[in-house]
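One chain comes next, on its own, written as structure tokens: the form predicted on its own.
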């Protein structure tokens, strides 16, 4: 299949592109390479995909991979409607996987316009391009943050999600609503994936695993929110992209026959892990103890997440099987190599 992966220089987008290429698909990757976090990490991911920094840094320049014949990359903003439309008209994608977004729950409180531009305006541009060029299936990243103040555990896609507590969460919920509209009106499949705390090699430096590792490495105190009384459905990136791949490769004809063109799934580890246990695993693999500063809960945050992924297991045989012990070890092994730590 010919597949568009937006956010291909991002954490999940990089891993998904790598997996899809290994399975013989044609992949076109796009990313705007914004500076929300260190762009050098994004360029390093692209280098792994065979795309050099000098070429990738130029906007609207198509770059073919030097190592993967079926991969090419362009630096593009989703908000640029004309460029997006031209890309879709030229490439005629069968499936689109939208992983591009302005990320970060906390950042959305300080920079709301960045979220509206990327997560709403850019997303509508993708929906319109899918509609106008005959794309069969749009798979897109939603987020566990849509559950907001939901107190029922584990989180189920049958739960009401009308109480988002950050603009990031609200933007993701709006994506789901717009996808429903387009599936209903224009007859193409849309699948939303509510991701739960993804971690692993090549992970974002603004996320917990990397922040904790950095603090421990440099003997700096790490911030532990809600005084450590936090639990998260920590999910290894390899399990995540296996699930996304199964959905991308899945048949959508039967969904149309069943009247299920619009679907939303949780995608997580199907388990909740205490934050302090997660930190202990990072300490163990780095061979150092963390100095911890216990802090109150942050605005826009919740104390516990836990994904009910039974629907994804039933429909796509999804099987998250990487334990936190195994996943954290893989992350720290990569972290040491990437940062030249002996």
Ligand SMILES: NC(=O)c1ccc[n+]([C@@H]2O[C@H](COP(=O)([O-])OP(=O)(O)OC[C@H]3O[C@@H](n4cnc5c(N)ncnc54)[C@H](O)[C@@H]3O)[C@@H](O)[C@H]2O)c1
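Positions refer to the first chain, counted from 1. A quick note: this is a predicted structure, and the numbers were derived from the prediction, not measured.
Same protein, other form: the form predicted in complex with the named molecule, not shown, and the subject of what follows.
- When contacts are judged by a 4.5 Å heavy atom cut-off, residue 281 does not count as touching the named molecule in the predicted complex.
- Mapping the unseen interface onto this chain, residue 182 falls outside it, with no heavy atom inside 4.5 Å of the named molecule in the predicted complex.
- The named molecule is not shown here, and in the predicted complex it never comes within 4.5 Å of any heavy atom of residue 16.
- With a 4.5 Å cutoff on heavy atoms, residue 9 counts as touching the named molecule in the predicted complex.
- Contact with the named molecule in the predicted complex, defined as any heavy atom within 4.5 Å, is confined among 89-97, 70-78, 245-253, 217-225 to 70-78.
- Shown without its partner, this chain lists 109, 207, 153, 165 as candidates; in the predicted complex, only 207 has a non-hydrogen atom within 4.5 angstroms of the named molecule.
- For the candidate set 34, 55, 60, 26, a heavy atom within 4.5 Å of the named molecule in the predicted complex is found for exactly one residue, namely 34.
- Here the marked residues 127, 131 and 263 all miss the named molecule in the predicted complex; none has a heavy atom within 4.5 angstroms.
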